[in-house]
Every structure is written in C-alpha cells, then in structure tokens.
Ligand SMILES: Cc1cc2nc3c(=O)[nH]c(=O)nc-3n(C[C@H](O)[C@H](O)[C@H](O)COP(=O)(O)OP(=O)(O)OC[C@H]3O[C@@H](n4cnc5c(N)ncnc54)[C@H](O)[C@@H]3O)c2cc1C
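Below, in structure tokens: the form predicted on its own, a single chain.
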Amino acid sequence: MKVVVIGGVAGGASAAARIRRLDEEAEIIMLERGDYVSFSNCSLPYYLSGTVASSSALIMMTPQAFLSRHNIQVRVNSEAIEILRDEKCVVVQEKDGKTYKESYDKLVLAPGANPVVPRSIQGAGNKNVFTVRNVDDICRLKEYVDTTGAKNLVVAGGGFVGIEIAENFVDAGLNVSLVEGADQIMGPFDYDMVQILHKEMMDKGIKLYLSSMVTAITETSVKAKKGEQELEIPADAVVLSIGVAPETTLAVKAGLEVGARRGIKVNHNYQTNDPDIYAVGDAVETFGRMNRQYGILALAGPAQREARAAADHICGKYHNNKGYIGSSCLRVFEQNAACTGMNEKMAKQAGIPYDIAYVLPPDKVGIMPDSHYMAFKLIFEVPTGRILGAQAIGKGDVTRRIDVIATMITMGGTLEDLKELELCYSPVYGTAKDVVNMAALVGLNVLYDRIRQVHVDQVRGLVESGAYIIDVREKNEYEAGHLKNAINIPLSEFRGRINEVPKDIPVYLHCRTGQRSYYALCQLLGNGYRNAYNVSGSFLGISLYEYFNDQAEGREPIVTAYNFK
C-alpha cells in the first residue's frame, strides 16, 4: 500500500506516523509546501517574548528524523497543486517550479487553514502587517519588530492566537493595543466570564478596543471604526489574527464535496466522497456532539484524534466516532482560563433549555498562601440536569477542573453524578469539596427549585431601579465597598434581625461570593419567606463583571468601591 499525506503539521504528521505503526510495509510519502514539518503551532507566540528561546525549538521533527525513526519520506517545499483522481496521483510542484506526478493508493489531506485577511482593510498588504500560522511567519514578525525597533503593536482579533501574541509582546516590552469586532474577546467564553480577562488585559497595559473594526493600516497607525466613532491607533507593526478559513482549494479543484461551513465534507471515518481520499484537521467539517451539527474546530487535540481514526481505517481498523465537544484553554498573564462544551450562546442557538451555576470558591484551602478565587460557571440542561458545558477562570488550576467536566460530558454525566464525584484532595491542591462539586451542589439547588437566583449581569438594573438588596457580609467588609443602595445585615446578626426583612417585595441577598448569602436565604426560606433571591457570584462577581465597562465607558459604578480579593 502506498499512502501520500498532504500537509506535515499536526494532522498530517500524526496520520503518517500512525499508519507506519500499523503497517511496516506501507510506502508513506508526506508532502509539505513549507520549510518545516511537525512544528509546535500552538507555541509560536511564545517565541516573541523569549519564553521559547529559539525558533529551532519550535520544530518537533525533521524530515531526516521522520525517515530514520519511521521510514516515512518527507518532502518539504513540495506543494500539491492538483489531485488527478482518475489516475490516482497528485501533481507536486517543487520550490524551483518543477512539477511531477506522485501516485497513491490512499491519500490523506491535512492542508490546515489559512488566516483571514479581509479585502476591505486598506493597507493589509503593507510590509508592517503580519499573520501567524507557521514558523516562518513568527520569525518574520519577530525579526521585523527587532530590526525596526517597533514600540507600538496592534493586534486585530481577540481569539486565542491574538491574545497570546498580545501577551508575549507586552512581556517583550512593547505597547500593545487589541482591536476586536465583537463586544468581547474569546468567543468560547460567555460575556459575564470574559470580563475577568478584559480586566486582566487592561491591568497589564493592553488597550482594548471592542466592537471595533479595522478599516485601514498605514506605516504608523491603524484606523478603526466603533459605531460612528473613528479611531486612530499608533502602530509600528500590525498582526491580523481575525480568524482562519479551511484550506479547501485543492479539494474543491478535485471535485471533493465541501459542507455548509465551507470545510471538506467527511464521513465518520474521515473519508471524503472519494473513498480513497481522507481529510483531517482544520480543513474538515466534523460532528459537534453537543449541538448535533457539523462544524469546524481548529484545535490540535481533535486534529490528532481525527488523524488516528483515519489512519486506523486506512489500515482496516475501526473506531467509534463520538464527535467533538470543544475543550480549550489559555493563559492571560496571571489568569488561567479554560472551557468545554456549550456556553450560554450555544445552548440558546441549539434551543436547549438550560440554567447555570456560577460560583467563586477558593481554588485551594484558604489558609494556603497561594489560595485564590476561581470563577466557575457550569451550564446544565433543564429538567434533566445533563451537563452541557463549563468555563473556569482564575490563578489556579482551571484546566484540571474543566478536564473533569469534559470527562463528565463525554460520559453523559449529570449534576447528580458531578455532586458524587470523588476527587483527590490536599490543602495545597484544592478543597475537600472541590470547585466542581460546589458548582454541582448549587446547580442542584437551582434545578430542584430549592433556591432562586439572579446573575451578576442583572444587578446593575436592580441597583438602578432601587431594588431591596441585603448585604450579609460583616460590617467592616461592607464599609470597605458595597452596592450603593444595599442594606447591611451581617450573617452573624441575621437570625436576630430577620424581622427587618420585608415579605411583600422581592429581596435580593449577596455576600462576597454567594455562600453566606445562601445561608441567609435558607433562614428566610425556613421562616416562610418566598420572595428572596440569591445573587450568584455576589459582590466579588459583581465587581469583576462591572469593572472593565465602568473604566472603558466612563460610566458611574454601582459600587462604592470594588473588591477583587
């Protein structure tokens, strides 16, 4: 059997190596149009700050290593320009322009995706404008900044790559601005959660221009538009990180089908409509387990699983394709962020009835010197309690918590399952009732109508309308900063002052994170009150949610002082 693989990064390299492990006799040829194969794509931004010391460290495997270790022939600077399906061969163009035909029994397409560069942006082709997809791209960007002495950098796009580039250039000492067309960065996170990341980036000196579209780029600035407002942002260099589009040119030319999202259409074995041609990675449309629709997911982990599945099928093995749930993480300076499954936007779009549990417990026992809050949002289906997704942001180990939720989703877990989940515990790693267990308990209280809650995004409206809000923190906490119209009845005095709480109007309770106010709510419920609500996230959550927009818009705060601890 002769297998030709087009594309030598995550998907292509993984498929080739897996085929070799299953079939020692197969002839395997990998074609890569660039200079390198098997490089660490996700590590590229960290070369800008020196976290990755040299560009050579980004390269995981050389053509010589592929040949000696796996007996796989790798041809770099060799671009597949046409697939002749009737002849079962690929037309290859070398760097010097010469072409030749390479036959195949099975063909694997892993061409990846290309950066989106909108034609509407004037000056997008200027020498000070860059995109980042490979080692050559990141080296050109760093060399330009180093040799020109650039001080002002603008990143267009607030996704994973854009944020990582912005962070690393701040670490390298540049003045960084980020322009994003949506009203938030990081689309996989909900608006309420991402305010923590907005605050972190602003605190670290990055100027965020949200709901803003880049219109033109000059040698010294970026011009953008926010509504009717015209912006001009100083820029010695510009990185366009607006998004990527599946590379389907070769597939379309060969008559292979594409799907509704313009990615290569594949079946459960990653075969195209030509059964001898497979496709994996960023260029394909794969099944979304959560919304039951096909979509495009540009993540390395799923790409490697797809490559393994395609290789298995080529070699006569089969697998159970459960689709993807979409798990991802990133670091934003001192904050770690991770998410999995559905966010609220996705659940609404899919028409799934849902509710949320939003908690801010400590990531480890509070007396530990490096204990910090962890903002954790759990989304679950109503009335089944099926876990749909989660998001976590904090200075601690958010990825471990989100990995737990990803596992629960994969196994079809519910809030009851998560409540009973037994996890490792030590004061230096977590709490006896872990963050995820706490979220499950809150979720069950909501699901079973034990409590009613309002979310942090509703609090401004309550304050401005003069709602009856009770702050159950202690007096010194209240005096250090509180909601402007909140009444202070500390939990330590609550039982003795319960008659002060009215029964004829809605009452909203909060503390620092929601736990003490829950205790107060239970006291009210036990004394016949049916008009009380708990504010999920409480004062810490309110402060984190309100702060960025207060500063960015110059609006009047609803608190006398913020609390971020």
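All values derive from a computational prediction rather than experimental measurement. All residue numbers refer to positions in the sequence shown, first residue = 1.
Below, we refer to the form predicted in complex with this ligand, which is not included among the displayed structures.
(Q) Does this ligand, in the model of the complex, lie within 4.5 angstroms of each residue among A150, E200 and D203, using heavy atoms as the measure? (A) The answer is no; none of A150, E200 and D203 reaches this ligand.
Q: Please run the contact check for G514 against this ligand in the model of the complex: heavy atoms, 4.5 angstroms, yes or no?
A: No, G514 sits far enough from this ligand in the model of the complex that none of its heavy atoms falls within 4.5 Å.
Q) With a 4.5 Å heavy atom cut-off, would you call L44 a contact of this ligand in the model of the complex? A) Although this ligand is absent here, L44 would touch it in the model of the complex, with heavy atoms inside 4.5 Å.
Q. According to a 4.5 angstroms non-hydrogen atom cut-off, is P111 in contact with this ligand in the model of the complex?
A. Contact check for P111: yes, within 4.5 Å of this ligand in the model of the complex.
Q: Using a 4.5 Å heavy atom cut-off, state whether P63 contacts this ligand in the model of the complex.
A: No, P63 is distant from the partner.
(Q) I need to confirm a contact call. Of V280, A440, A392, V155, which residue comes within 4.5 Å of this ligand in the model of the complex, counting heavy atoms only? (A) It is V280.
Q. Exactly one of A467, V170, A298, I185 has a non-hydrogen atom within 4.5 Å of this ligand in the model of the complex; which residue is it?
A. Looking at the other structure, the residue within range turns out to be A298.
Q. Where does this ligand sit in the model of the complex: which of 118-126, 454-462, 395-403, 161-169, heavy atoms within 4.5 Å?
A. Flagged stretch: 161-169.
Q.
Can you list, in sequence order, the residues from 14-45 that come within 4.5 Å of this ligand in the model of the complex, counting heavy atoms only?
A. Contacting residues: L31, E32, R33, G34, F39, N41, C42, L44, P45.
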